[in-house]
Ligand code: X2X
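Here we start with a single chain on its own, the form predicted on its own, put down as structure tokens.
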Amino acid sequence: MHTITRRNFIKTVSLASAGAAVGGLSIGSAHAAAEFVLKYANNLPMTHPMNVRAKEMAARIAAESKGRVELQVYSNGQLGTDTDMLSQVRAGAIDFFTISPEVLGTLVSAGQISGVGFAFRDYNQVWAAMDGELGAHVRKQIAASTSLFAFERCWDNGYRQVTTSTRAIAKPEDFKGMKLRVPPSPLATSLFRGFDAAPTSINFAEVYSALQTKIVEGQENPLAVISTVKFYEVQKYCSMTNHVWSGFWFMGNKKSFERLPKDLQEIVARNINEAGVKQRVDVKALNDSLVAEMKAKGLQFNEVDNDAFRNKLRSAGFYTEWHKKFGDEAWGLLEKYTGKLA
């Protein structure tokens, strides 16, 4: 298996099968208009594994449905911020949206439980939980309380790392007073307050400029995002904290999806889930390849002792607080896979 790099992904984008749609325009579509046109939006560049697999997925859906379904891919926040897109998918203005658990938590509390700091030690724990009872619990909560539903397979974003312009993060005390961008999420804010940082919620599209103008000193994201958005241009240090596993729920609007005949629902759902599993492999391989690449661009990397950070969160009452907020059932399902946290 060849190494997956950012360059390879860019090549893949340029060679992607005709028939997928980008920015609402079908590529090479000389055939008749589709019976059903579905809009899928996300905030990542076309070079990110999510959109590489989304284009491939769109082409497969078009082929298997014999042109009846056209899936249009709107990447890079074309349709607005995460908050905007969440509102649009709830209203049915767009059909699908990949949302991080952190942002989903603003709508469905249980949706963010996978974002508990320093909970999952490795990917074996992550996929056992998200493909297992914890993921099923979250999907049930989403369906019960919103106009949305989530497909069975989460997509991957990778473990989140901290980049900064002022100092590296080697121990919990290094966070003290640091102005750090976090997603618009109470859980993310609470996590870094547990380290005495000064977390600030800024929408993703505005993060680069906020770092460039020193509104914040740092941010936290997986390496694939740090690379594709070129945060290394405005940051000096990358601390490999692995503080939160970050994924994406592939969300759909219930009414929009239900207007498809059952056979087309099956084609769309199967291809979305299969693409998600392939994307997981892509993201892990890409993240693993990026340290050397970004070191060459001047970013300085350091490792940390995760147990020291976990112990700091325990003493700060972080786990006890969120156990109460999520409730015994959800928390019990989390600890079934992670082991005892609080």
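Heads up: residue numbers just count along the shown sequence, starting at 1. Just so you know, these numbers come straight off a predicted model, no measurement behind them.
What comes next is about the form predicted in complex with the named molecule, which does not appear here.
- For the three marked residues, 82, 100 and 103, a heavy atom of each sits within 4.5 Å of the named molecule in the model of the complex.
- Contact annotation for residue 183: at least one heavy atom lies within 4.5 Å of the named molecule in the model of the complex.
- Although the partner is absent from this view, residue 43 contacts the named molecule in the model of the complex, with a non-hydrogen atom inside 4.5 angstroms.
- Interface membership of residue 163, defined by any non-hydrogen atom within 4.5 Å of the named molecule in the model of the complex, is ruled out.
- Of the heavy atoms in residue 221, some are within 4.5 Å of the named molecule in the model of the complex.
- Heavy atoms within 4.5 Å of the named molecule in the model of the complex are found in exactly one of 313-321, 65-73, 293-301, 43-51, that being 43-51.
- Checked against the named molecule in the model of the complex, the candidates 253, 227, 112, 157 yield a single residue with a heavy atom inside 4.5 Å, and that residue is 157.
- Residue 248 is the only one of 151, 195, 248, 127 with a heavy atom lying within 4.5 Å of the named molecule in the model of the complex.
- Contacts with the named molecule in the model of the complex, taken as any heavy atom within 4.5 Å, map within 202-218 to 204 alone.
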